[in-house]
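Listed next as structure tokens is one chain, alone, in the form predicted alone.
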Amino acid sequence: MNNYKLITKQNLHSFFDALQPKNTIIAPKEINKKYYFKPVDKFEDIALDYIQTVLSAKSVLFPRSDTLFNYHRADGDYNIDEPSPIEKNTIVFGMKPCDASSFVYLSNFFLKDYQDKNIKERLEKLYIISLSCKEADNACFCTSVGSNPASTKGSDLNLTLIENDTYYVEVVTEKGQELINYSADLFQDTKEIDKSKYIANVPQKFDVEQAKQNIDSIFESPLWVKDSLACLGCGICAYACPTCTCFDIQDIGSQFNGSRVRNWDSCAFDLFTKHASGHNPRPVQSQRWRNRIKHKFEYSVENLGLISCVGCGRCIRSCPTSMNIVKTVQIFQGV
């Protein structure tokens, strides 16, 4: 579904006030001149004029540490207690379109073959209000991976600031209409408009189809070694990435009481693929860097039909040695 509305910034404030009492609202918030997704109680705390947050909102659906169940032993038997049901809906308010599209990949990854209970429940109670990008920086490359600064993919509502403190609102899903219904009188019906003059210009930096074909054919290329020499294996690219899904599962506690917990992990770590025997099929960093790139543009396409890169640029901004996934893809596109 798609229908179109207008709302003034003043009425957007009132819309937030209508949503806030019955929902948990997560939004970008400025902290020490950087932006992070945090729970907010006041509209004034939301950053509406920002390029990108340090970390994505991935943890709303896929937390850094996620308790799968608790266990305790009594009378010789083990009792399993699953996490309590989520009481409130969660609204992510003001995420960028690249981040919204990442939730399409995350939901496919966790629900396509096996219905992950925790993820499914969070997704059912998740509402996404995205905000089109008026500005971009050199790290942004959404247009290179088939998206754009005003994409509605993964969003329930998309807001585009057009003029005179007025937002053009696209109601993308039934969930989006549910949100509108909280205060329908704050919105004015309108026709579809051309958003292109109101959004950032993000130049296309590579041909993703050509890159996919070439990356598939150069598994043994010495270029992987040269391209990965700066990699420290710190994993910040994976932790900042909105679509990275590597995890480890650990039991915390004793044989009598404890929890089974799923924690974020990274294929950049040398222990990630190390077997109990001591053998490691990816013993050097160039192989781990190759795996990351091929996963983004080849393996995820084979498994889910989706590129697992949304062009947000966080890995570029956060890398301590200035490694750049765009430059890597450009190199291999030209092979």
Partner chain sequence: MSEFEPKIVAFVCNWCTYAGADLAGTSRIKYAQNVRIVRFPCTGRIDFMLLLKAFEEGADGIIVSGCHPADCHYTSGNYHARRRWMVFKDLLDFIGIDSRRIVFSWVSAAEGAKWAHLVNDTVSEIRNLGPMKEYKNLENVSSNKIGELIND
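What we label the rigid core is the largest C-alpha set whose atoms superpose within 1.5 Å from one form to the other. Numbering follows the first chain given and starts at 1. Owing to the predicted nature of the structure, the values given are computational and were not obtained by experimental measurement.
One more form of this protein, predicted together with the partner chain, exists but is not displayed; see below.
A single residue from the set Thr90, Thr152, Thr160, Asn148 has any heavy atom within 4.5 angstroms of the partner chain in the model of the complex; that residue is Thr90. Though the partner is left out of this view, Phe37 does reach within 4.5 Å of the partner chain in the model of the complex, counting heavy atoms only. For the chain shown alone, Pro203 is not a contact residue for the partner chain in the model of the complex, no non-hydrogen atom being within 4.5 angstroms.
Shown alone here, Ile293 lies farther than 4.5 Å from the partner chain in the model of the complex, counting heavy atoms only.
Contact annotation for Lys212: none of its heavy atoms lies within 4.5 Å of the partner chain in the model of the complex. Remark: all three candidate residues (Arg64, Pro85 and Arg122) come within 4.5 Å of the partner chain in the model of the complex, counting heavy atoms only. Of the candidate stretches 193-201, 170-178, 128-136, 77-85, only 77-85 has residues with heavy atoms within 4.5 Å of the partner chain in the model of the complex.
Taking a 4.5 Å heavy atom cutoff to the partner chain in the model of the complex, none of the residues in 178-203 make contact.
If you fit the rigid core between the shown form and the other one, you'll see the Cα of Tyr114 move by less than 2 angstroms. Superposition on the rigid core between the shown form and the other one places the CA atom of Ser196 less than 2 Å from its counterpart. When two forms of a protein are overlaid on their rigid core, residues whose CA moves 2 Å or more are considered shifted, and Gln250 is not one of them between the shown form and the other one.
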